[in-house]
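A single chain comes next, written as structure tokens; it is the form predicted on its own.
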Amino acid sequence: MKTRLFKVVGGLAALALVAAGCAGEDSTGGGKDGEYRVLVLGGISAEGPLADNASTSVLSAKAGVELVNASGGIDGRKVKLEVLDDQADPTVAVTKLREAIAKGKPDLVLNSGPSTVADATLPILKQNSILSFNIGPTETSADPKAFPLNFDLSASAQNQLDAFPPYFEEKGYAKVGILHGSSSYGEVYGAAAEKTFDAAGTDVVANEEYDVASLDMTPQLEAIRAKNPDVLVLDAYGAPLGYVLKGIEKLNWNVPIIGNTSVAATSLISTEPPSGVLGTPATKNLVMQVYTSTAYDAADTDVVDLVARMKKIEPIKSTLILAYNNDALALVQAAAEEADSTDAKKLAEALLDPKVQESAVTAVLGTYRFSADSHAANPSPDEFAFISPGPLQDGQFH
């Protein structure tokens, strides 16, 4: 368990300062009375599994706020959280974000939505010089040249894929087929997967993309099956995952399947019939890539503490892989301690310091490894595990 760095200004003194209405001298946000104002976007009223995932993301933000406020806030400023229901719709997200900024620029924005929401909102955040954290990576979201004040919390496609070749070797897979969605993330994933597996000496016999709006992925699956791979690597999230699995059953294709973290984050996979597929033939050949924090371990005290803080607020509806926002608050608190400031640019600079990254009391990932060249989380391969689907309990696979 990491040891928190405590500010010279203790919690009580900081809260007294807030009560006196004394904002930090370098406050850049629109928070009132010295509060550090955080906006979290999430598709709470979206359809299907997106709503549960958004609920977990928002809940983790609330748990993170509780954590940092209990130890003095962000550079002595008490954190105030506001939730914007973007319905997982980029158009709605843009409208509500612009409205919120017009009322007063927030200090920090946490995007809980899919990459399509990130694509739509990051330019607005950049235009307004707002520090942001994002869980739906896009092709450029982690590029400091494109978005210098944005940091991706989830592992990049490349981070995840780097853990695959050792698993292929362990299982004896020499020929691989890839199936990915047409989302921003899916396209990045498909291209990076082929490049990574090729570089590792694995024969990529097929790389097919499906339309995420389609109800039938059988044509793409047939094309891959025709090349006779040893294993199918699958990117799918939400309803499309169900259609892919249905297509594999329809073809009576008995092939090992490795789902990426998007697969593990879809509640369909951890729910028994009639609403899910857990325990059915559709999952018999499936393993999923997850963070080690998503698999229950009583000895991991930081994760145990996060689960307890979230459950204290409300039930956890999906996997802890959606709980990144807790880590975002912890990272900002550690960065503010180092920078002695809440200025967005100074915080962004401090987040690149390995000392700050190590000191932040994060849980979903043990250590985030932002750098001057990459604002992706860049977790090490040992932060991942490959597990079979199972029931979820308090956000973890047991």
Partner chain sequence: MTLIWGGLSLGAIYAIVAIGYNIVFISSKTFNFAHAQLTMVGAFVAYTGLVTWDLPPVLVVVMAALAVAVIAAVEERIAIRPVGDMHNILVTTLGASILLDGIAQLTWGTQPLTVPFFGGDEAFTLLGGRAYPVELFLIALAVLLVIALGVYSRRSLTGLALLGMAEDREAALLRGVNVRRMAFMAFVAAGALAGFAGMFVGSKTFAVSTLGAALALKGFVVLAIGGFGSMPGTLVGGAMVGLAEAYASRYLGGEYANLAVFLILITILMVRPAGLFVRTKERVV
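Positions refer to the first chain, counted from 1. In this text, the rigid core denotes the largest set of C-alpha atoms whose superposition between the two forms falls within 1.5 Å. This is a predicted model, so every value here is computed, not measured.
The same protein also has a form predicted together with the partner chain, omitted here; what follows describes it.
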**OP:** Evaluate residue 79 for contact with the partner chain in the model of the complex, applying a 4.5 angstroms cut-off between non-hydrogen atoms, and reply yes or no.
**Re:** no
Original post:
If you check in the model of the complex, is residue 243 within 4.5 Å of the partner chain, heavy atoms only?
Top reply: yes
Subject >> is_contact(residue 136, the partner chain) in the model of the complex, heavy atom dist at most 4.5 Å >> reply: no
Original post:
Does the 4.5 Å heavy atom contact test between residue 275 and the partner chain in the model of the complex come out positive?
Top reply: yes
Original post:
Counting only heavy atoms and a 4.5 Å cut-off, does the partner chain in the model of the complex sit next to every one of 94, 101 and 129?
Top reply: no
Original post:
Here the chain is shown alone; which of 266, 121, 202, 156 has a heavy atom within 4.5 Å of the partner chain in the model of the complex?
Top reply: 266
**OP:** Check each of 314, 169, 216, 297 and return the one that places a heavy atom within 4.5 angstroms of the partner chain in the model of the complex.
**Re:** 216
Original post:
Looking at 68 to 76, 111 to 119, 251 to 259, 136 to 144, which one sits within 4.5 Å of the partner chain in the model of the complex if you count heavy atoms only?
Top reply: 251 to 259
**OP:** Give, in sequence order, every residue of 211 to 242 that has a heavy atom within 4.5 Å of the partner chain in the model of the complex, or say none if there are no such residues.
**Re:** 211, 213, 214, 215, 216, 218, 219, 220, 222, 223, 226, 237, 238, 239, 242
Original post:
Is residue 251 one of the residues whose Cα moves 2 Å or more between this form and the one not shown, with the core superposed?
Top reply: yes
Original post:
Taking the rigid core as reference, does residue 240 move its C-alpha 2 Å or further between this form and the one not shown?
Top reply: yes
Original post:
Rigid core fitted, then: does residue 299 show a CA shift of 2 angstroms or greater between this form and the one not shown?
Top reply: no
